[in-house]
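So this first bit is one chain, no partners, the form predicted alone, shown in structure tokens.
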């Protein structure tokens, strides 16, 4: 039965997860997604089962379980896992920009790659997948709406890990914070959604003192949405760069004013330049892929610029913290999410044996995957695959060497699956009675299954 016309349905085909709402990607809003466990569905699939539903819904619930565990709330996991055709042995993690999307449009091979993961392959098996992006300025829910519309498929907010996702865990630590970057009020809304209690923006500061940024004047819309307050009486406890700056000059001026202030009070200057608030960046990507022929500057470039100006003005090094890829914390969170998914779906309290991370940026995607895989914190194998559809260009040598290099995300998915098939064949998987799903193979079959990494 439809609950709100074409926006929401509680229809329960055999492969649908109970308690998870299906919302139309065309008319669903962020408020709709905030009301409980949800997946976002292209309207043409609202009244019928979706191959992608099981993975999307299970990861939505797994992420909510992690949040409850972090809050010391009990959760219940079924003692008898439900029937599933989804493998527990391996999973995929995808960067978004340059891998699945370029210039706001789906890369053609991405749609086919998702179909294969959702069971449209010669083995009839589904493979779990998540999205790990450094792109900021949008909540996981908004990212979900965007990607469902772009790829024309069912996805859930639980499948998304953004560069600023770990920042939600800092909401209880700081009171008044400055949030920088993004379009309009979006970053303020994301921060408030994460639980930050008192969020101000550069627009608020300029509204209070128009002389703060000599060359930037607020637009009519910015004047309307910026909040008036006396910043001479406010102590800003931390600075969070949630997304790429839309005004480097103005944002840098305000950030530097705070870093050189006494305890985050604008209009003051510290004599030692070490009394200002801490600053956090949601990622450290120097460049990123857009529809332009060449890569564009990213948040890492803003960070480098701030460091250079701060040192020139104070003769000291700027202290800052970056999240996102290649930081270890992002990969640890992704591992916890996949482990919880595996526990919920398969009753196994450990992460999948292998996670194939598909990215286009050697300095963040490949470096982060490789370094996490080699660290003592990694409990399984993280396997890096570099695609040529984004930042990386053929004929150049990546700064960090991937375990495999392919043309596009479709080839990356095929590579990972073929590698798993080869591993299964070589290990001659047989259960205790010799009657399991594996078979004993002849030597020529083993050779046919061998995969060679670039």
Ligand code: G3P
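Just so we're clear, the structure is a prediction, and the values are computed from it rather than from any experiment. Positions refer to the first chain, counted from 1.
FYI, the form predicted together with SN-glycerol-3-phosphate (G3P) isn't displayed, but the following is about it.
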Residue 205: heavy atom within 4.5 Å of SN-glycerol-3-phosphate (G3P) in the model of the complex? no
At 4.5 Å between heavy atoms, is residue 283 in contact with SN-glycerol-3-phosphate (G3P) in the model of the complex? yes
In the model of the complex, does residue 251 come within 4.5 Å of SN-glycerol-3-phosphate (G3P), counting heavy atoms only? no
Contact of residue 133 with SN-glycerol-3-phosphate (G3P) in the model of the complex (heavy atom, 4.5 Å): yes
Counting non-hydrogen atoms within 4.5 angstroms of SN-glycerol-3-phosphate (G3P) in the model of the complex, say which of 341, 323, 288, 382 makes the cut. 288
Using a 4.5 Å cut on heavy atoms, which of 93, 96, 191, 337 is close to SN-glycerol-3-phosphate (G3P) in the model of the complex? 96
Region of this chain that lies against SN-glycerol-3-phosphate (G3P) in the model of the complex, out of 96 to 104, 266 to 274, 116 to 124, 225 to 233 [heavy atom, 4.5 Å]: 96 to 104
Quick one: name the residues from 226 to 262 with any non-hydrogen atom within 4.5 angstroms of SN-glycerol-3-phosphate (G3P) in the model of the complex. 244
